[in-house]
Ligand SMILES: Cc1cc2nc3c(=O)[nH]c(=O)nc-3n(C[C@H](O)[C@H](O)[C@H](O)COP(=O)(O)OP(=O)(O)OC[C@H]3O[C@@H](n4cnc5c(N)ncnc54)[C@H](O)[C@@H]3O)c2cc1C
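Read the single chain below, which is given as structure tokens and is the form predicted on its own.
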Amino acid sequence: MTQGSYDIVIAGGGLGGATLGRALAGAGARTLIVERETAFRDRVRGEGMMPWGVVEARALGIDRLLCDDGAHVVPFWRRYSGLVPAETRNLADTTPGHTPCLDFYHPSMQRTLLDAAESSGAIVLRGAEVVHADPGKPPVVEIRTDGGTHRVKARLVVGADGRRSTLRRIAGFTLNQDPGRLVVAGVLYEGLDAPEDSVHHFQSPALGQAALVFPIGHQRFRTYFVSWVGQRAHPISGSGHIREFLDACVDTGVPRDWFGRARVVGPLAAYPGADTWVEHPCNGSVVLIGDAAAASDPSWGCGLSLTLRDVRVLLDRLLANDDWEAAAHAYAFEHDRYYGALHRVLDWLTQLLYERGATADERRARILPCFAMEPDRAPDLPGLGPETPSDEKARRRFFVEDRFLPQG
């Protein structure tokens, strides 16, 4: 490929880029996907999709593709806190979309969806990278491959190249970042002796830490440990810290005997839990989706679902409007709304469940008993995601400030 013209050029062939490319190519758009990797390898990334994200996957027609490739349907969410018996939630019965969680091995998902995009008519360049984008009508994209550098025209350029997006940088977007509060460590176990029908969420607010166990099928479990930044002398990362990771999970409440026959089958890595985002992720010729637009704190497991929300909203706008620049701006305005709502709710939850110190302890002592008596005070993150109430009234209700309002 030395030249050409496309309706859309997508930088990144992961969940967002491949799903968008598949849908647009299937609708007749001339679609080019530029993917840096030639083979997908295991890294510590999100592999559990919230029920509200599964609603998006169904709307985009990829849920069946993922299930046929071995994605694991998880009907229950089990929450553990100290000595309190586990609370088990039947997700299909209690979420608005009547959907479970959908968990999968990330490299397998990437292969499946990128192959599906290609089968739908998208041109896929593997081992390639967008290195420059000239704004204009149409914009011109410069792509580097093993065979050299090539320039192509497009009606619209989409950055779906992740948290460290190259396209975001070269297109001149300003990146915002929250202060670091949480650190997430994760590893893949095989043979963990835990029920595969549930996401297991162990929360220890008094310690400012949590552990989450996501079954991804075939007795494999992606397991995460989340803690307040600075709580430990060093990040739990690398093969030399496997025992420390296990002990931290056990301290948080995971039964030690679950690990009796388990073996580690992937890397152990830690990464920061701070949000990064772009205000209005569209500049006319370039639009950002997924982690390139907004990477929500991975401690809360909403990244995959947020990416599919981006894809569905952008796709709907593009298919409904021949003016793709206007359609991309309409997506960006909507993205700011739902990402902003999710950002607020995750901040509340982080304050309540992870912050340390006397003030945080007092807050928990006041709020958590009210949650036990009135569960609807807590955001429905699995079921509603960014549509869970996040206005000032909801904030006051969450922090139990409404009880102090004057009567009458």
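All figures in this text were calculated on a predicted structure; none of them were measured in a lab. The numbering used is simple: start at 1 and walk along the sequence shown.
The same protein has a further form, the form predicted in complex with the named molecule, not shown here; the description that follows concerns it.
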* Selected contact from Asp178, Asp247, Glu196, Glu129, since only one has a non-hydrogen atom within 4.5 angstroms of the named molecule in the predicted complex -> Glu129
* Which listed residue (Pro281, Gly301, Pro215, Pro100) meets the criterion of a heavy atom within 4.5 Å of the named molecule in the predicted complex? -> Gly301
* Asked: With a 4.5 Å heavy atom cut-off, would you call Val34 a contact of the named molecule in the predicted complex?
  -> yes
* Can you check whether Arg163 is within 4.5 Å of the named molecule in the predicted complex, heavy atom basis? -> yes
* Asked: Even though the named molecule is not shown here, does Phe173 get within 4.5 Å of it in the predicted complex, heavy atoms only?
  -> no
* Any of the heavy atoms of Gly385 lying within 4.5 Å of the named molecule in the predicted complex? -> no
* To do: Decide if the three candidate residues Leu15, Phe40 and Glu47 all line the named molecule in the predicted complex, where lining means a heavy atom within 4.5 Å.
  => yes
* Asked: Looking at 129 to 137, 252 to 260, 115 to 123, 232 to 240, which one sits within 4.5 Å of the named molecule in the predicted complex if you count heavy atoms only?
  -> 129 to 137
* in the predicted complex: members of 55 to 71 within 4.5 Å of the named molecule, any heavy atom -> none
